[in-house]
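The chain below stands alone and is given as structure tokens, in the form predicted on its own.
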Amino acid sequence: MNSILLKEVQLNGKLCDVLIEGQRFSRIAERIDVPADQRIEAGGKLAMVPPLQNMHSHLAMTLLRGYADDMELFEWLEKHIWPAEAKLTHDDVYWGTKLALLEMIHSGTVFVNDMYWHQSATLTAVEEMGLRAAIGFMYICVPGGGVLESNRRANEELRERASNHSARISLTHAPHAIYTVNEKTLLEIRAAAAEDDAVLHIHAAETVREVQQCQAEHGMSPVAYLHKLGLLGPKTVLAHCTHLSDEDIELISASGSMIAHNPVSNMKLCSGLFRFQDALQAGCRIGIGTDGCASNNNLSMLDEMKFAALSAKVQSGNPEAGRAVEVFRSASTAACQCFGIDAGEIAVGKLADAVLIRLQEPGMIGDHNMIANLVYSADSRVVDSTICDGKILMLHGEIPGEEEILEKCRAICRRIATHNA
């Protein structure tokens, strides 16, 4: 059984030793002196905190970072992103996903809820990089018809390839949105997700146009429409939710559905401001995500927390909204609740997921409130080491194989630029 002994780490404001055996935290004490396979000397200069969890992303869009910026959502999707994505190969998605996971490890994230093409490539990349992930069976319909044939083939390949996947990875059903997936297919997806006891992950109420179209076609909001079809529930993740009525918030809260809030992408695409405080006070479960790199343009959950807090204050006009502790909780435990991951806190018996934070970085001083520093002032420079499932993914800023990933992805990006010139 692999073991890791961390000496003199700051945990909840106190200096202690932490022992990891196998996949779990086995001892936390003022002093632990036992042999271990790996030993990290923190010297009181590193703090241990729960890692971050990205509740909504499109990982391989790292390859389209900066490709089509400063546009309205539907023009961006239909005229630029979807045509470019159609040219991405299975191998492209594999390397683009590895680049995304590299970026997440550097910024202290160990879980991602992903929705993208060539999912078996994503599965392989996640397995190799050692993180946790939820990978979606993807659904987009042909206008007036059923699911795209390419979607069907990719979903079948994912199911086949995932038959022996790691316990770190779960599979979801991920219809893109109500405007790209018809009612008949949504009902079929609902049944499939129920049969698999899987999470259902969908974009919802992201733009004014989406809400207006749904009102015109169905006489109700997107959230009410999903409720009518029976798609809301404790295993449903609704991405964005930037345009919610009071009734929508009540439906989400009552159903136990999870909202994946993506503040940076919402602002960049000018989609709107999510009613964070209203949803929180109504009892809604809220996670935080980055969305994809083409609309963010990074995967740092540290950045996302700051924007989540600030957008909550601006949207509500209340400086007490989006408190740091609430935002950090949304960014570090929501996935555990939704996906049944026995992690989200540093405690004996819990799965050993953790991040070591450099307390000597300028952004971590003054040291009056470490959570506030992580939400408001930290960037990826403060992340020293990242641990997932009892394994060190990054030690003192070093990740094995990083140079190869960067070189491969730069070559792919150059090819994309040439093809689309």
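It should be emphasised that the depicted structure is a prediction, and the values quoted were computed from it without experimental measurement. In this text, residue numbers run from 1 along the sequence as written.
What comes next is about the form predicted together with another copy of the chain, which does not appear here.
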Site check 296, 317 and 402: each within 4.5 Å of another copy of the chain in the predicted bound form by heavy atom: yes
Another copy of the chain: the contacting residue among 77, 229, 71, 147 in the predicted bound form [heavy atom, 4.5 Å]: 71
Close approach of residue 43 to another copy of the chain in the predicted bound form, 4.5 Å, heavy atom: no
Any non-hydrogen atom of residue 198 within 4.5 angstroms of another copy of the chain in the predicted bound form: no
4.5 Å heavy atom contact, residue 380 and another copy of the chain in the predicted bound form: yes
Contact test in the predicted bound form: residue 324 vs another copy of the chain, heavy atoms, 4.5 Å: yes
Contact segment among 123-131, 262-270, 110-118, 162-170, judged by heavy atoms lying within 4.5 Å of another copy of the chain in the predicted bound form: 262-270
Heavy atom contacts to another copy of the chain in the predicted bound form at 4.5 Å, residues of 40-74 in sequence order: 62, 63, 64, 65, 66, 67, 69, 70, 71, 72
